[in-house]
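Shown here is one chain on its own, the form predicted alone, set out as structure tokens.
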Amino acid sequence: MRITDIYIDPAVSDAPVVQAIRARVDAPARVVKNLQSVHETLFCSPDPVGRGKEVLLLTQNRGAFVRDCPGTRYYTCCGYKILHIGTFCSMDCSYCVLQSYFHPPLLQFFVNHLEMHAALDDFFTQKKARRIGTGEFTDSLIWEGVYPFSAELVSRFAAQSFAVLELKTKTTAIETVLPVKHHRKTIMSWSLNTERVIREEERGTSGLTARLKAAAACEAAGYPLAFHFDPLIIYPGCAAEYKSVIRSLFRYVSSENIVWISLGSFRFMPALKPIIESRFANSQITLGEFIKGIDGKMRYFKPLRIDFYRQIISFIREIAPNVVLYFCMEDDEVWQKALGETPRAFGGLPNLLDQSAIRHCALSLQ
């Protein structure tokens, strides 16, 4: 993170987390009574999205800390829960939906951690969901330089045996979690892509080899792992490059320690296209063969993505025939034609992933 300005919600100005961040981050900080003025300042910037990656708003989560992943009824959802710790991201991926999801897009870190821990207490007590993660509306580990509290979360999950925490990232900020006694109740997880996509479309992220080395270090520390090939981007020569990524993955880590691998093709709301074209002038990712899906997102023509999924799956299965694979937001036709079965064969996608978590993370059955 490169923070140039810190704004503080007056409702949390005396919070211990705020004081800790102010002491840690070398940037001017001021309490603002009117948060709308922060928004207006960003909107006046020539690049509000880029500017928002340098502005940190310390505030409180006024909604639910534990919430459902925002899936859609049109495609198969995995039943994931989100631990909502903050919003937006300091890295800059061309395809990132967060560029158009938040208005305005700026880094928000929620500092009312007493309420967050109370929400986690309820989550543990209710035992209604086994999988929760912090990487949906932000990257799980970008905050470690601002306020390193992932170790605290890992310790909290280590003290129970029903659910797992997934920390999903494109960084290598693992130093704080490596020494923690995690009891395999946290899954360390990386988004992966080809070297070309990382270089051209994922500005400010860690390189592929760096991510894989970080995963190997976490495996050596006893953590279970997960990986996400999402978004898969189709371009000339991509199949060979993705095959190379997959081979590299299994050179660094053991397939037996991977809880799951997700696959998802590039898709985007039409409103994101002009943002990509404006902010990433050389990007070609919106020029593929797209058609509007039933959820309103632009998706690769279905036969194209089924064929591509089959190739990616074959590359993985050649090395790791037993690793759990699943699609993020695809329908039964894609599942059947690409994987040879639908989630119903596993008792539903949530059950498939829950059972894999139970096996790999030593969770209790009740």
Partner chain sequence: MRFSLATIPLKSIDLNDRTYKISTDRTPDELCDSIENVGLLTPFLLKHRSDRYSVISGFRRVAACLQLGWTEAPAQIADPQVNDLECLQAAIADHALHRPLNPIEQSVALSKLSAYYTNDIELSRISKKLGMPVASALIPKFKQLNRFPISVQEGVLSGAFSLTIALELGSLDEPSAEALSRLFNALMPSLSHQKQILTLVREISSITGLSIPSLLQESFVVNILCRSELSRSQRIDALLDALRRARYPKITAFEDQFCRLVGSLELGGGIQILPPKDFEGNRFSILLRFQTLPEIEAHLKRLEGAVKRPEFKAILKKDRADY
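As the structure is a prediction and not an experimental result, all values here were calculated from the model. Residue numbers count along the first chain shown, from 1.
Just so it is clear, the following notes concern the form predicted together with its partner chain, a form of the same protein that is not shown.
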Tell me, which of 159, 294, 221, 118 has a heavy atom within 4.5 angstroms of its partner chain in the predicted complex? 294
Just one of 204, 288, 71, 104 has a heavy atom within 4.5 angstroms of its partner chain in the predicted complex, so which one? 288
Taking 4.5 angstroms as the heavy atom distance cut-off, pick the stretch from 276 to 284, 249 to 257, 79 to 87, 118 to 126 that is near its partner chain in the predicted complex. 276 to 284
Does any heavy atom of residue 333 come within 4.5 Å of a heavy atom of its partner chain in the predicted complex? yes
Could you confirm whether residue 307 comes within 4.5 Å of its partner chain in the predicted complex, counting heavy atoms only? yes
Is residue 299 close to its partner chain in the predicted complex, meaning a heavy atom pair under 4.5 Å apart or at it? yes
Does its partner chain get within 4.5 angstroms of any non-hydrogen atom of residue 337 in the predicted complex? yes
